[in-house]
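Structure 1 and structure 2 below are the same protein chain in two forms, each given by itself as structure tokens.
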Structure 1
């Protein structure tokens, strides 16, 4: 129901803006100034969302409400942008850069909306969410636990089968984030292959070593869940690294474009 109301409101406001610009045009007024002003206000509001995150301690409304308005104004800005530019590639260098920057910011925003709707659900499917900055610490603890199981807990009479298995199949896996592409594709093939190698190794171990190998298998699952968390949280951070600076660049270009347009209008009468 809420989505229908939002869509209806979006349609009404878009039509009002379109009708307003059309009425301006038939009175021989410069519609580009009106649409450009609305577009600039939209961009300023969109950029203010990041500022709202930094001053979250102030009572300026919930973050969820700001996000909904951010998405709403983001799509509305595209309608105003289409009216302002008529979706034609401009000739001037500054206008072309502005045109390209807006499209990049808008498309990155659409990608961000998709990521924000899908990644949280995927993270919930693979264990408890871990802070991105704490993932290396958890990874190191898991690796230390595995090395203890392989080397420190070994008895003198036991052979080198388990250490050899660790060096051949496990050491590289535990040393850093692995199988990023598989995680993005939601594939567990690499995990099944590793478990098959563990099952194939068990007949060559005594009872105590088999128990330790099963404990190592549990650590493999924890490490794989951690890699899953790492790659998707890294994607979100990479997206922010692209979207936010481009938005600020767009604001600067838009202000420069507005000043240039006003200066040209005043000199041309």
Structure 2
């Protein structure tokens, strides 16, 4: 219901802006000054969300309400931007950079919206809930457990089945986050391959080694789940590093553009 109302409101406001610009264009020759001003205001409002986050202890409304409004104004800015640029690619270099930056910020916003709606489900679907900053510690612990299983005191390090298998197939896997693209694509092919290698190795092991290999297989699963958690948490953190700095650049370019436009308008009378 709430979504429908928002959509309706969005359509009405967009139509009003269209109509306003059209009427304005009948009476005056240029509408870009008006649409540009609205656009700049939209951008300033959009950027102020980051400021709101910094002063969360003040009763300025909930961050969730601000985000909803941020998204709404973000989409509205797209409509205004389309009117402002008349859906054409600008000629000037600065305008072109501005054009490109706006679209990147807008698209990154849309991507962010998509990520924030989908990643929570993905994170819930696999692995243990771990704080991002703690993931390396967990990974190290898993790796240490595996090394203990592989390099049992009784075994000579070289020429034994498990250490050889470890060096060949496991060492790299346990050393850092791996198979990130597969995780993003929700593929488990790498895991199946590793399990196949384990099955192929089993006939060459004695009973004790087989037990230990099974324990190693459990750690492989844990480490893979951790990688899954890592990549999705990293994506959402990385996204902010793209969206926020780009927004600031956009604001700087937009101000420069506005100043130039005003200066031009005043000199041309």
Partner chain sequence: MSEPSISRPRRWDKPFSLEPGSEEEMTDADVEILLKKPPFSQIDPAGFKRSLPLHDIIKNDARVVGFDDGDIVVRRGDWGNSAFFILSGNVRVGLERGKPTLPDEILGRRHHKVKNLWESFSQLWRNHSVPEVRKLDSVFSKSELKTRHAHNSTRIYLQEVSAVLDKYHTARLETGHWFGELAALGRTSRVATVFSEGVSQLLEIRWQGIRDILRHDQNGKLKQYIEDAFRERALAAFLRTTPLFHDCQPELMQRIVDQVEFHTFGNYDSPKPFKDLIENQDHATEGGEPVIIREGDYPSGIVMIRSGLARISQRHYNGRRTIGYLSPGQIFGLDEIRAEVQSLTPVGCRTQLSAIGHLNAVLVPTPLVEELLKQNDSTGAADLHEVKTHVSDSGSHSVKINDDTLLSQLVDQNFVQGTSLMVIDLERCTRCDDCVRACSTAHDNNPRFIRHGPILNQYMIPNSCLHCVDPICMIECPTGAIFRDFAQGDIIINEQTCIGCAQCASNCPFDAIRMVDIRDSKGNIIVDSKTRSPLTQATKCDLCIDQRGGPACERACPHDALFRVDMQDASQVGEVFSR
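Numbering follows the first chain given and starts at 1. Rigid core here is just the name for the largest C-alpha set that superposes within 1.5 Å across the two forms. Just so you know, these numbers come straight off a predicted model, no measurement behind them.
Both panels show the same chain in isolation, but it is structure 1 that comes from the form predicted alone. A rigid-body turn of 14° separates the smaller part from the larger between structures 1 and 2. When the rigid core is fitted, residue 168 shows a C-alpha shift of 4.4 Å between structures 1 and 2.
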